[in-house]
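One chain is shown next in structure tokens, namely the form predicted on its own.
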């Protein structure tokens, strides 16, 4: 696709929103074999080398970096951050040096592989231990005084990154209109850094789709007294996004969007800690659909999706945010 659905719908944004083609869009929508009403949005295939939901956000984030002449970027995430991998790859391509501050996460082969990928892509990893220490390092960094430095929130979920998922929802609406899938009754997506859910919430509203959007919380709701993964935190991102759209699109002057409450029941014992239901969902997806998931985000959301599938008569869509490309192949290519 030579442009994006958001610009086709709102051409007024062309002069106000930088964009660079990084993702392979639109991603496919497919029925899930063996189910009467299950569908999947294959955002695991957003890029030939490394898929997942972050690449959509980085189309706008990297473009903003380049428009501002950024030389160095800083972000943070768990030790096995998928966003860190995607950001490292795209910053490498853009010639931007990246530092990733990390906090503790239960160790796993995925965590170890992601760390190897970030280093191989040229990112500097600085482990800070606790989430609090990591966040303080990020927000109090002296480089914030530099014009050529860019601070990217965890999950690539800053205001322009959220617009990547406004675009994704408009893309889905185009696929519904084209008959590629029926309009879903329910759409299930994991929620960690809030940007994907915020963008989808705004985009579905703009598209006029009536789908009920279920955000499955997979990260801690609070850091001390600070709300980090809550309905209110998502609403804050939604409000930032709608304010931008109201400013630049005359027909959206009265735009107002509310977030549905997050689904908390699949979180389990902590961020990155596997759950029995999540692991069972991972096995089901691997064996029945040949689609790999992981325990931190998509496994837990897939458990919610399978439950929704059993209780919803109409179409239920699982929005796959994980990378399914071969990380062995990617790592080998980076290490050449």
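Not measured: the values here are computed from a predicted model. Numbering follows the first chain given and starts at 1.
Not on display, but discussed next: the form predicted in complex with a small molecule.
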Using a 4.5 Å heavy atom cut-off, state whether residue 134 contacts the small molecule in the model of the complex. no
With the partner left out here, check for me: in the model of the complex, does some heavy atom of residue 201 sit within 4.5 Å of the small molecule? no
Quick check on residue 167: any heavy atom within 4.5 Å of the small molecule in the model of the complex? no
Non-hydrogen atom contact residue 191 with the small molecule in the model of the complex at 4.5 angstroms: yes
Could you tell me which stretch in 123 to 131, 191 to 199, 98 to 106, 144 to 152 has residues with non-hydrogen atoms within 4.5 Å of the small molecule in the model of the complex? 191 to 199
Answer key, the small molecule contact in the model of the complex at 4.5 Å (heavy atoms) among 241, 79, 230, 157: the residue is 157
